[in-house]
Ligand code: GLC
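Take a look at this one chain, the form predicted on its own, written out in structure tokens.
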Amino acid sequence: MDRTSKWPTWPSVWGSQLRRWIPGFPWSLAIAAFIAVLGYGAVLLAQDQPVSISFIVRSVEMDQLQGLIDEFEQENPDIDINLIEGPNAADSVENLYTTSFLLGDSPFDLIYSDVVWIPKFAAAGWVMDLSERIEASGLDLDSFSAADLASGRYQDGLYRLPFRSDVGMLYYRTDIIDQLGVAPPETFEELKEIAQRAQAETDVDLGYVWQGLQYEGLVTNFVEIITGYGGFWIDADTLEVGLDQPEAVQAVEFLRSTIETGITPAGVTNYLEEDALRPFENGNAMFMRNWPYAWAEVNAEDSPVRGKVALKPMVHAPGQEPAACLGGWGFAISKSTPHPDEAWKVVEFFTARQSQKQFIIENAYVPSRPDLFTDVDVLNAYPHYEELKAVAEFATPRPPVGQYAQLSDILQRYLSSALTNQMTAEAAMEKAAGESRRVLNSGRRNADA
């Protein structure tokens, strides 16, 4: 016998008994009212549970964000923020987000987004246009850096608000510069000459460390070098590709020459940011290309180079200007979230001036609000932010195109082939240019269809 036939529903049993005990009383209505009260209580209980807002964060930022999260949850007890720890490589985090959307029913309410993701995510329909919410909130967009804000736009919409910025730069040892009696380098050749002298005349083993693994970090290094030679990767307005031009070949040859001359170790083709940072902060390198976060690391109390480091814009070719590849992170709202209003509250809180200021003072990142570079409290904590502001003025974005992920993958592969001597610089850039044009042309055809 099944359970339904053996155990009649309790309202019918008890209703029958109660009618026998007190005839004439409207027990059916009473029971219905009781059930309604129970149901309402369950709804109230559910409403008392905080809404959970989830997003992925790179492992290195998990602890850094916790202070702001605690503050937000104190002010908003009805919302919990659920951080999901991801890998440190930005493109690996992007792959996790992308996979979740492609599989459907993504569990993420927010996208903690790198500057280059938005064209792809917006074109795919995975993130919300925030324009109406921004207008309704009265948020002053002019208070953000124009470059950081532009990285959140796609066509006529604004899909991402910046939380913090980032720019690539050159770190150098001031004590060794003084010992050698030279000025900090301005050109590519000067960097190589000083690096070689430092290796020959001082106790450092390495002249110049940077990020050469086949990943997005390699692209950011290349953007600074090709721009420093007066070239370009992709013109976002015309979709022209500049990889098979002389400036691009020169950029690849410069990177290869640092390995061939020995100022950069051959193992640089396996380097992430942390791999470059370790020898520099240990006092074993003269120059380092890295992001602003490294400043706090090299000036930690136990760092051998504490107080012996300065920063400047990346070197460049004579007659050209330096470039600082624009990085940074911000918040977009997933189109599939069941809690868009609560997600927007999180975005508003994290992108507010006070939250950014607190995060910068605690973690030494670059503000996406330019006025924070000269904020008294920020400068008290980090006097070098005046130098950092000068670097940020040369912020150079990567091309904001919908096929960015494919184009970056192409460039990474051929740069890696050239740096590991599998191809010449010229052959690698010709191949990269050809494949890039095919991707862009395919995108044009799809848009016209």
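For every residue, the number given is its place in the sequence shown, counted from 1. Since we're looking at a predicted model, the values are computed, not measured.
Form predicted in complex with the ligand: not shown, discussed below.
Segments offered: 275-283, 214-222, 259-267, 141-149. Contacting the ligand in the model of the complex at heavy atom distances within 4.5 Å is 214-222. A single residue from the set L83, M128, V378, A90 has any heavy atom within 4.5 angstroms of the ligand in the model of the complex; that residue is A90. Comment: the ligand is not present in this chain, but in the model of the complex one of F188, W329, Y97, F350 has a heavy atom within 4.5 Å of it, namely W329. Each of R58, D114 and R398 is positioned with at least one heavy atom within 4.5 Å of the ligand in the model of the complex. Contact check for W291: a non-hydrogen atom falls within 4.5 Å of the ligand in the model of the complex.
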